[in-house]
Structures are given as C-alpha cells and as structure tokens.
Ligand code: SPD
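Here you get one chain, nothing else, as structure tokens; it is the form predicted alone.
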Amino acid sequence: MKLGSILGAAALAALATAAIAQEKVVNVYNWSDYIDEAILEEFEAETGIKVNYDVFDSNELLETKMLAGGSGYDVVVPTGTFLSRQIQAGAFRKLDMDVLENEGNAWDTIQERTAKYDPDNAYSINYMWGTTGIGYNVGKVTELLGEDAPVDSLALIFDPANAEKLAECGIHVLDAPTEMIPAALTYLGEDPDSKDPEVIAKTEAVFMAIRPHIQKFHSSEYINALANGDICVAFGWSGDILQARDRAAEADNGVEVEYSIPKEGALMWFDQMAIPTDAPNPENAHAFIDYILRPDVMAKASNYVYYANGNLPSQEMLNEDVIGDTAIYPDEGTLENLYTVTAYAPRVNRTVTRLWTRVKTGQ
C-alpha cells in the first residue's frame, strides 16, 4: 500500500473515532415492560441523543450496581425506599432544577409523599407510582374457591387453606422482600413499616406455611403467566397486573384477569428517576428527564404501562381507562388505606435478606 493511502486511511479512522466519541448518548436503566418504546424513538429524533436502554426486574440488582459505582448509566429508576438508602450512600447527584424546564409539572400531592425518601425532592423526579396487590384469574379462582373467594383480601394468598387449593392453577409472588414482608406484616395486623427484627421474624412462619404452594418468586414473569392463563393468582404491582388483564383481553383467550387492592391495606410505592453521581453524560441525562416531565410524554407512558404518574398536567391527556380506573388512580378512601415504608437499616436489612433466602429455598 502506498504511503498516501496509509495516511489517508489513518485520517479516516481518526475522523471516525472522533465522530463516535462526539456522538450524544444517554444510558438508561429502567424496569422491564415499563415504557412505550415510541417515547425513546421520539426523544432521539427530537434531540439527536441516542438512547441506550437496558432493563432490570429487581431493586436489589439495581442497588448492587449503584453502590458498587461505575455502572455507566446516566438515568436509573429505583423505588423510593431504595432511593433513600442510595442517596445516603452518595450514589446520586442533585438534579439541576435550572435546566429542568418542565419540573413545575410535578404533582404536589405525590411530591409530599416522595419527600419521605428524597427530602426536598432534590435528587429525583417521580416516574410512576402505584400499589402492590392481588392479580387473579376470575374464572379459575371462582372454580377453586367458590363465589365467595376473598379476592379483596390478603387471605387469598396468605391463608394456607386458600393457597393449597390455588396451587392447582398456580401462584406467583414478587421476588421482593421489601414488598412481601410489609404485606405479611399487614396480614398479621402488625405495622408494615416495622424495623423490629423480632416483629419481622413473625412473617417467616406466614411464608413457610404457603411456601409449598408458591410456583415461583419472580418480579416480572407473572405478567404473561396471568395473561396466558398459566397461573391464576399473582401478588404483584398494579400496572403489571393491569397489563396482564389487557393482554388477555386482546388475545381473546378466555382468560379474565382482575386486580384488587387488599382491604387490610396495601403498599403505595414510587419509582423515581435519578442520575448516578458518576453518570458519564449528566447533561444528556437532564435532557432525558426533562423530556419525560412533559405532560404529553408522561401521559403516553402511563397510557402504555397502566400506572399512575406524578405529573399533574398529564392527567388531562390520559386515556379514560387509565384516569378513570380506581385500581390505577384510587379514590380518596382507598388512598387513606395505603401505607408507605422506609428503608431498612443495614443491620435489619441483613435479617431481611437471610429470612427471604430461607423462604425462597424453603429451608
């Protein structure tokens, strides 16, 4: 090869490398099945920022990455209780409110609650919020437990007599001790936000009594399993179960899925968008969050995932089957019966982790 050709090739390679280096990107790490992909495409087209989008299905997995550092992500979506602990550990940077032009769209009712995890809402914005409750196959549950099946009660799952019968058609529960332990405490009449190891230990007997009847501990597979009729009961997140309901209806497969908020009380949770301290592209991260804060964008997200969001103006753009569904936007009476929980201290968290490991293994 001639020297000129060599130099020409080297110059082209250098230019290509420079172009790649200058490419604007934002690396997003979000829950699975949690955004309308059209939102990502429209953001890229409008801003010229490429979205690298990865998914996870447990807060524990996300927290491991956040506390280890160097994740490479620019925007992540932890649940409030985990966000609180991660803020204290220095995992996130404060948001630059001066560049978030749409920050004023935040719903003050939700901000008052998320401030419990993020004081002054300085590190995060609410993406979605919802409840943790019961998804069930109407036909199968009625067949096995009768017309009076306690579908509005935690007893549907936590009463061993019911769980034993429902095992015939399949039960899934979240692989999330921070969701399941408060539910079991509520079933026992205890404070769901208890940090007393002795009180928390009471839930082990509750779980072990139904452990033989639980088909799977998983935080996302229950969506398709419910929709396809492969299981008949799931303890999971409201929006996931409503997605299963709609998928079953669209498939016209004879499966009717419903969601209920337990009468004993249910967890109200908040998924928050935040920027890691070591985010490689913080400016692009702010651009992405500001785009999500637009009412039309947030409405599109809620209309897709069937979760409530923390953006007040977006409510005017929500589909009626979202804003008008009390399983998504609960009425005032139901809201009063919802509880929130705070993060476990490290010592208590070790107790919770060991307990949950024993429950999952059945040993």
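Note that residue numbering follows the sequence shown and begins at 1. No experiment lies behind these values; they were computed from the predicted model shown.
The discussion below concerns the form predicted together with this ligand, not included here.
Exactly one of the stretches 309-317, 45-53, 62-70, 31-39 approaches this ligand in the predicted complex with heavy atoms within 4.5 Å, and it is 31-39. For the chain shown alone, W269 is a contact residue for this ligand in the predicted complex, at least one non-hydrogen atom being within 4.5 angstroms. In the predicted complex, D240 approaches this ligand with a heavy atom inside 4.5 Å.
Contact check for E179: a heavy atom falls within 4.5 Å of this ligand in the predicted complex. A residue is said to contact a partner when one of its heavy atoms sits within 4.5 Å of a partner heavy atom; T79 meets this definition for this ligand in the predicted complex.
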